[in-house]
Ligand SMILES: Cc1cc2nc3c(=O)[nH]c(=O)nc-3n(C[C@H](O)[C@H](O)[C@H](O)COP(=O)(O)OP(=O)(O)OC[C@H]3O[C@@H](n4cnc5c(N)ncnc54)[C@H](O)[C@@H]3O)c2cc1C
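This document opens with one chain alone, in structure tokens, the form predicted on its own.
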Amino acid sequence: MLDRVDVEADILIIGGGSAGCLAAIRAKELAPEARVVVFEKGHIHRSGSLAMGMDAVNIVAIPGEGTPEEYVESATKAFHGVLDPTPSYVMAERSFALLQKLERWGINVPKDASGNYQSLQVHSKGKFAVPIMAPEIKVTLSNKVSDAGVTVLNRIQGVSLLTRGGRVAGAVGLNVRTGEMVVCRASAVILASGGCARFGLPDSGYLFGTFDFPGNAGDGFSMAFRAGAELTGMEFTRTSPLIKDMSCPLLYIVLTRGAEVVNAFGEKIGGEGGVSMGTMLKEIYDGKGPIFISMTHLPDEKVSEIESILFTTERPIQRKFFKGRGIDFREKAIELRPTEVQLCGGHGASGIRVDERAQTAVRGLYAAGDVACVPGQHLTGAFVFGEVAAEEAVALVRGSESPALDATQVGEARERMERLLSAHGPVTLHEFEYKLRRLINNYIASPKNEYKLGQALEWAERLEAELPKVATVEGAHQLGRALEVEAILDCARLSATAGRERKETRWGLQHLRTDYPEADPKLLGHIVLQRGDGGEVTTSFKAVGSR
């Protein structure tokens, strides 16, 4: 029997990464008296996709450099028209004030000799990427959360959202160290738990060797779906060409500073249209790979600038990695390989459907960051919509009381965890997850077709039934892992369902249907997924910009 701990909150934030920290800080700015609680699976000091540092705020509409309208135009083009313009506009509109706030907090935002912010060309129109030098940005954010008086519960993994009468009422979490079930009653909940990085299996076969933070296992997608929220873009199975054998940030850092991409024949990729994720991946799948990042033509001072960013702010382990491979950027190119597929609302277009107020289809439930579908929002979206979600949650809390908890739902969450804890089968969780993610590679990743997606759904149903029977789950830590595997299974089911529903090819290799190789103008919109009365995945189609 799991011990139970009860917590009371006005606003509960699930996830203490970038979006969660900004949400917590903003909520306390607006309502110092509010009881703001954070469930953080790891430790908030170094958690989430921003655990180490950051080299840029990806989207900032600096007055005179780029406008929100230009950003929305370029983002719409990048995502082939499937992008609700209003949330993206709000993000760009608030981005410059956000950058100035980060600067006031002590984040180093370099300026030129005239005192102007620097900006880099990443999007097809307008300069929106602003370099920062922030190797300790997550520490800064977590300290601000602490100073604000937020209650942070570290090592608490979100398990289930609780609802009452169509409104969120709190959540159940698991202490992955002690095994306690934590039940939090709250008037509003902000989901900020990241995307699903642990989706496809990396080439290495190492479960945690993912480009994005491997603790992001789709928990938020799963919790939102089970609670009745809408999800969209789950067919956008994202992959990127990155450093072979080390999935680390690289492209935006080097390409914006003059690096080139060449194929195995030494031919430069991109031409007049410029290099993009799509052109690089196409080169690989057309048999002209591997492809390489080359900096051998750059002046030494530019290479030194790139090294400074890669070896300090962005994953300092890269220095040791390249030294071990005998790679000096001045003399040798860097081989690239496609990463594992992932589902992400920051780098990609997958997630919980939200409006410009970060509101989901469940009243009182908000979503921000990689768990929310604001295509290509990156770090800016996590920060901006963390604040937006907090503003909306504070307004809701001030105007209403917390709903009572549904004892049946709490009991169901307990039963789910205890059923997994009773599993003592012949298969380790590592082996089970490996097989699941290999099947995702086989049947859900592009290239896709009707048969493969159907097989994915059959396997997801089978593995869901087998998990508590054949796997071994011992102790709180493994229980947390088992719940993550269930979340990955939910994501597989959602992705395969959406992929089968979108009978067209869109976003290049992110959703390539070989049985429907062309884009269909009638499908220029959102495949929306929601939980049916029997727990099944229901689908609908909604036009861009419609609610």
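Note that residue numbering begins at 1 and tracks the sequence as displayed. Small disclaimer: the values here were computed from a predicted structure and weren't measured.
This protein has a second form, the form predicted in complex with the named molecule, left out of what is shown; the following refers to that one.
Which is the contacting stretch out of 488-496, 25-33, 516-524, 53-61, given heavy atoms within 4.5 Å of the named molecule in the predicted complex?
The contacting stretch here is 53-61.
So, Leu12 and the named molecule: in the predicted complex, are they within 4.5 Å at any heavy atom pair?
No, Leu12 is distant from the partner.
Report yes if any heavy atom of Ser187 sits within 4.5 Å of a heavy atom of the named molecule in the predicted complex; otherwise report no.
Residue-level check for Ser187: no, no contact with the named molecule.
With the partner left out here, check for me: in the predicted complex, does some heavy atom of Leu379 sit within 4.5 Å of the named molecule?
The answer is yes: Leu379 has a heavy atom within 4.5 Å of the named molecule.
Is there a heavy atom of Gln510 no more than 4.5 Å from a heavy atom of the named molecule in the predicted complex?
Looking in the predicted complex, residue contacts with the named molecule do not include Gln510, since no heavy atom lies within 4.5 Å.
Taking 4.5 Å between heavy atoms as the contact cutoff, choose which of Ile156, Val145, Val254, Ala445 touches the named molecule in the predicted complex.
Of the listed residues, the single hit is Ile156.
If you check in the predicted complex, do Met234, Gly351 and Pro375 all have a non-hydrogen atom within 4.5 Å of the named molecule?
Looking in the predicted complex, the three residues Met234, Gly351 and Pro375 all stay beyond 4.5 Å of the named molecule (heavy atoms).
For the stretch 339-368, which residues lie within 4.5 Å of the named molecule in the predicted complex by non-hydrogen atom distance?
The stretch touches the partner through Gly346, His347, Ala368.
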